[in-house]
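In the block that follows, a single chain appears as structure tokens, in the form predicted on its own.
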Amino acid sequence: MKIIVPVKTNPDLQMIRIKNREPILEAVPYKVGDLDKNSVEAALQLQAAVGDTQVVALTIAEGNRKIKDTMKEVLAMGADEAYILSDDALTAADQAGKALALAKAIEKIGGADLIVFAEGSTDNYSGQMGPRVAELLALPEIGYAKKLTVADGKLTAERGMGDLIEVLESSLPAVVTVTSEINEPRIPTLMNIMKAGKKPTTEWTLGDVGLDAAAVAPQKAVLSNLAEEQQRKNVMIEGSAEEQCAALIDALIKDGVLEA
């Protein structure tokens, strides 16, 4: 059995500064997205349960020059090998272009019995990649699974539907997206971190998967990406602790934050 896990590397959100309501990404390090670690962990747990299973990580570089070092974290978690699709044209590509590139890369790898996506990415959380790739590969797709099992050539997934648990079954091959509540990603051991550098990593360009820049050209443009505008009132409260507390409560009541 082969499981492919497409993962996304994101700027470290804790390191991003905001200036003039815009994010400053210069010199911000990249890391594997937290939600993507859940999908990797889900694949590794299936590998342990089913046996005789290969877990393959796949990513798009998106301009990250140290993508190999970043992907070592996934290999250290337990993935058997990694594929990196790196091309300048992918930096500006939108979800449609990146999904096409992933689908072509999956075909070049030789396909998979199961493709496991995170429910969304840590940075923009569009949630589009899993369904788009499933459509391009003409595979069934189950979204937002919080439990997975594979047996007798079938995938069974559970997902929360408010106060109900929905159980779905699909033949393989299939695509599934998993939620963050499905597991707690493992922390690689020092030994596995050392072994990660020796695992096979393959880099491809768009040409290697049969695409060119025109094929992944963006179909839409982001017009604005601004942080919410905030205005501070700079209200200073003086007096004793009791007086300050009473004045603060009065101010919050006047602003409608608290009810009288």
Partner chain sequence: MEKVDCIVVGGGLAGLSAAYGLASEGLEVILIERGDYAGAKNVTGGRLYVSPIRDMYPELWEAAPFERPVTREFITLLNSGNATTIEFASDKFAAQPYQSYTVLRATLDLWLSEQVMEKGGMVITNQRVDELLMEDGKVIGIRAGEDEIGADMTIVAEGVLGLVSTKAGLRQKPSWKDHAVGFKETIELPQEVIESRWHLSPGQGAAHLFMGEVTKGMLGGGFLYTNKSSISFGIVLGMKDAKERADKIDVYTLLDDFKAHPHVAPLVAGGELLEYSAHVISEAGYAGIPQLYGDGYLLAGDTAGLALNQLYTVRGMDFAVASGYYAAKATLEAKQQGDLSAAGPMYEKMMRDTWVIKDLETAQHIPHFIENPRIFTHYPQSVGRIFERLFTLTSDPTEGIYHKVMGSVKQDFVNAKTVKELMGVRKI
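These numbers come from a predicted model, not from an experiment. Positions refer to the first chain, counted from 1.
Note that the form predicted in complex with the partner chain isn't included here; everything after this is about it.
Look at 183-191, 127-135, 156-164, 83-91: in the model of the complex, residues with non-hydrogen atoms within 4.5 angstroms of the partner chain sit in 183-191.
At least one heavy atom of residue 15 is located within 4.5 Å of the partner chain in the model of the complex. Although the partner is absent here, residue 233 sits far enough away that none of its heavy atoms falls within 4.5 Å of the partner chain in the model of the complex. Put simply, residue 21 is far from the partner chain in the model of the complex: not one heavy atom of it is within 4.5 Å. For residue 220, no non-hydrogen atom is located within 4.5 Å of the partner chain in the model of the complex, even though that partner is not displayed.
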